[in-house]
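As C-alpha cells, one chain now follows by itself in the form predicted alone.
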C-alpha cells in the first residue's frame, strides 16, 4: 500500500469497476462500481450523530437482529465465501458461525471493557467515567476471512456508536455486500454501515480523508506500516492495526507424536496457510526430529487439496489467485537454492488454477533465513539442541503474533510464555483459532498494541472522566489577602 498511499491526494476514479473471480474455477463472482469516497464519507458524517444518540440498548438489540439475519442467510453466505475465496465449504460454514457468535461476545466485551463507573465523595461530589464513540471509522478487511475479520471490527464499532465505512478486500466484495445487507435488514441505518467497494487507491483515500476519525485495519504488515506512516502526524485518529505473523511453533519432549503432528499440520496448512496466525516456522528438538518429521510428512501427504464443493471434502482449497501461487512457488525455490532441504515439495496441482500442495522445507542450514510472512502452505523447519536455542529461534523475527509450544513440562512452558515475544502464546494447542473471548493481536510488525477480539471495545470508544456536583461549591483557602 505504500505506493497506493502516494495517490491519496488524488480522487480515485469512481467509474472503475471491481470484479472478483472464483480462485478454483476463474468464474466471475461479482462485479460492481467503485464507491465514491467523498460521498461515502459525507453520508457517514451525516448519519453518525443520530446513530450515536441511540440508546446503547437499542444498538445492541439491532446487532442481535443482525445475528439473526446472518442465521437466515447462513448457507448462502457460506457458499459465497467458499466461491469467492476458495476455502472449503465446511470452513466457510465455520466462518459464518463466528460472525454470529461475535455479536454476543462484543456485547459482553463492551459491558466489561467500557462499563460506566461512578466514585462518590460527600465533599468532592462524584467522579464518573463514561465512553464516547470516535465518530466515523473505516474498516479495511482482508480476503482470507472476508466476513469474520471485517465483522470483528464492525460489530464493536457499531455497538459503541460509531458510523462505519466498510471497504472489503477487492478480492472479496460479494461477501462484503452480502454481510452489509444483513446489517441493513436488521434495521441498522444504511448510512451508519456502508459497503464501499474499491481497490488500493480507494483504501488509501479513506485513510487520508479529513472526514475519517479512525482506521481499523486487518491485513499485511506492509500495508499496515504504510497506514501508520501516513497517519503518524495525526494523533487525533484512532489507528488499530492487526497484521500478519512469521509465527513459530516449538515441539519439545513429548511421547504423543501423532497428536503433535496433527497440531503442526493444522497450524501450518489450514486455510491453505492463508491465516495470519498460521505456523510458518517449526522449531524441533534434534532428538525428536526424525520421528516427528516422519509423522508430519505422512499426515501432510494425506491432505486433500481441492475445490470448495468437492466430495470428499478437501482440507485445503486453492490460494487466492495465480499471482499468489506464483509468488509462493518462487519463495520455495529461493529457500531451496539458498540452503533449504525439501522434506515435501511445493507442487502446483492444477495447470491454470492456484492449487498448491502443502510444502515442508528444512532451513536449518540456511545462513540467512528471510523474515517474511509467506502467506500460503509452506512450513519451514529448524532443528535445535536445547530449549534456550528454541526460544531464541522463536524470537528471531520482527513479527510477534502467535507462538505455540507442543510438549515440554509445565516449567518449560512457563519459560516459553515468559520469554517468547508474541501476543498469543499457546501450549499443546495450534497457533490458529484464537478464542472469541480473548484479545487477538500481536507486537512488533504484527500490530500496534490495539488487539481485536474481546478487546476491540477498547479502540471503538474513548473514556471520558467527569467530576460532577449538583450545585457549585468551592472555596479558596490559601493565598488570599
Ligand code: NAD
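Just so you know, these numbers come straight off a predicted model, no measurement behind them. Positions refer to the first chain, counted from 1.
Just so you know, the form predicted in complex with this ligand exists too; it's not on screen, but the next bit is about it.
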*in the predicted bound form, which of 154-162, 281-289, 221-229, 380-388 comes within 4.5 Å of this ligand (heavy atoms)?*
221-229
*Would you confirm whether the three residues 93, 105 and 182 all fall within 4.5 Å of this ligand in the predicted bound form, going by non-hydrogen atoms?*
no
*Sole residue of 316, 243, 265, 82 within 4.5 Å of this ligand in the predicted bound form, by heavy atom*: 243
*asked:* Using a 4.5 angstroms cut-off on non-hydrogen atoms, would residue 403 count as touching this ligand in the predicted bound form?
replied: no
*Looking in the predicted bound form, any heavy atom of residue 86 within 4.5 Å of this ligand?*
no
*Does residue 137 reach this ligand in the predicted bound form if we count a contact as any heavy atom within 4.5 Å?*
no
*Would you please decide whether residue 440 lies within 4.5 angstroms of this ligand in the predicted bound form, comparing each non-hydrogen atom pair?*
yes
*Let me know which residues along 130-157 have a heavy atom within 4.5 Å of this ligand in the predicted bound form, or say none if there are none.*
140, 141, 142, 143, 144, 149
